[in-house]
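First comes one chain, alone, set out as C-alpha cells in the form predicted on its own.
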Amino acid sequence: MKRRLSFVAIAALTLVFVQPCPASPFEDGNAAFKAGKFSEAEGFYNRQLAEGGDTAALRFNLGKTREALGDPGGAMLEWERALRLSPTHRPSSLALASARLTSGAWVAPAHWWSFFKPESARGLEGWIASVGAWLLVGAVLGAWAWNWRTGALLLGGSGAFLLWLGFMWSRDVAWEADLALVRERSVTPRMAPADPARSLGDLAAGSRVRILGESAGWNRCALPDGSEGWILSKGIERIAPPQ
C-alpha cells in the first residue's frame, strides 16, 4: 500500500514540475513561415537575434522571409550576413546569386588573391604578414652572414609573398567593415551630396558599395566600377550587422 502511494505521489509531482520545453523563437518563426505568416515569422527571427542566437541558418531564413514580403534588398542583406558568419553556407550563396540576377545588382568582382584565402586563415591575416616579414628578415641575414644565396632567394621570395598576401587580406578585412548594400529598389549616386548634382547612373537593390564618408544624410561611397559618388544614407545599409 505504501509503495502504491509513493508511486502515485511521484507521478503527481512529475506532472506538476515536468513541463514541455517551450519552442524557441527560431522554431516559432519556421512554423509561421510555413503557415504563410511572413510578418510574424520576421518578428520571431528578429527576437531570436535579439536573444543572441545569430547563425547563418537564422540569417538565411530571415532573408527568405524578407524576400516573401517583397523586400529583395533586405533579403540579400541577410544572405550577405549569413555568408559573413559562414562563407561556405551554400543555401545563402545560391539564394544571393539568384536574387542578384533577378534585381540586376552590381557587385565588383572579388580580387584574385581572395581565392587563395582558406577558411582557416580567417582572423590570422596579421600573423601571416608577420611570418612573411620574419622569413624575409631571415633570408637577408642568411645571405649576409652565411652566404645562403639560393636558400636566401627562396626564403626571401616566400617571405615577401606571405607578407604581401597577409597585408592584402588584412586590408580586405578592414574594408569589409565599410561595405554596404543598396536596400531600396534602386538608388542614384551623384557627384555631390545634393539632389540637383549630376547623376552617375542607378544602382539596383543588392548592389554593393563601400562607405568612405558621410555628410548631412549622404554617404560618399566607392562604387562597383571603382569611381566615387554620393548616395542618400537611407538607401543603403552596412552589411556588418549593428552590435
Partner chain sequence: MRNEDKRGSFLERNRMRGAVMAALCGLLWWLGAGGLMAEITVTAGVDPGATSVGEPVQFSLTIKGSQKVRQPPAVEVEGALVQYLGPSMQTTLNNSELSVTMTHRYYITPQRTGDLTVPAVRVEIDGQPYQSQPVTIRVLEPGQAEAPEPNQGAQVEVEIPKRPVYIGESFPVQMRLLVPSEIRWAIQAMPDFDSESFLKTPFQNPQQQKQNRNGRDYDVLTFRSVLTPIKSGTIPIGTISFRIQMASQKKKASQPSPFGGIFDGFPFDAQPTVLQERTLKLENARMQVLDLPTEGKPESFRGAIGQFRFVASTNQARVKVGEPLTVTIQVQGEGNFDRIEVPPLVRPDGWRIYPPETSFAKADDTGRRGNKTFRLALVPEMAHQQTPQFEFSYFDPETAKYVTQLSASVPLEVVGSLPPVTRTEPASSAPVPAPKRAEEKPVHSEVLEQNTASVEVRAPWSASREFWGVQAGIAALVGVWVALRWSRNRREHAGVGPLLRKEAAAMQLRLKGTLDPAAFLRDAIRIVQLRASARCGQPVGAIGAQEAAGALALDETARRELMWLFELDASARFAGASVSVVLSEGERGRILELLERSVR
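Residue numbers count along the first chain shown, from 1. Every value quoted in this text rests on a predicted model; they were computed, and no experiment measured them.
There is also a form predicted together with the partner chain; it is not shown, and the following applies to it.
The partner chain in the predicted bound form comes within 4.5 Å of no heavy atom belonging to G156. Proximity of R210 to the partner chain in the predicted bound form: non-hydrogen atoms within 4.5 Å are absent; the residue sits far from the partner. In the predicted bound form, the partner chain sits within 4.5 Å of a heavy atom of R122. Heavy atoms of L179 never reach within 4.5 Å of the partner chain in the predicted bound form, leaving it off the interface. Proximity to the partner chain in the predicted bound form holds for none of T88, K117 and G217, with the criterion being a heavy atom within 4.5 Å. Taking the partner chain as positioned in the predicted bound form, the residues of 46 to 65 that bring a heavy atom within 4.5 Å of it are, in sequence order, Q48, G52, G53, D54, T55, A56, A57, L58, F60, N61, K64.
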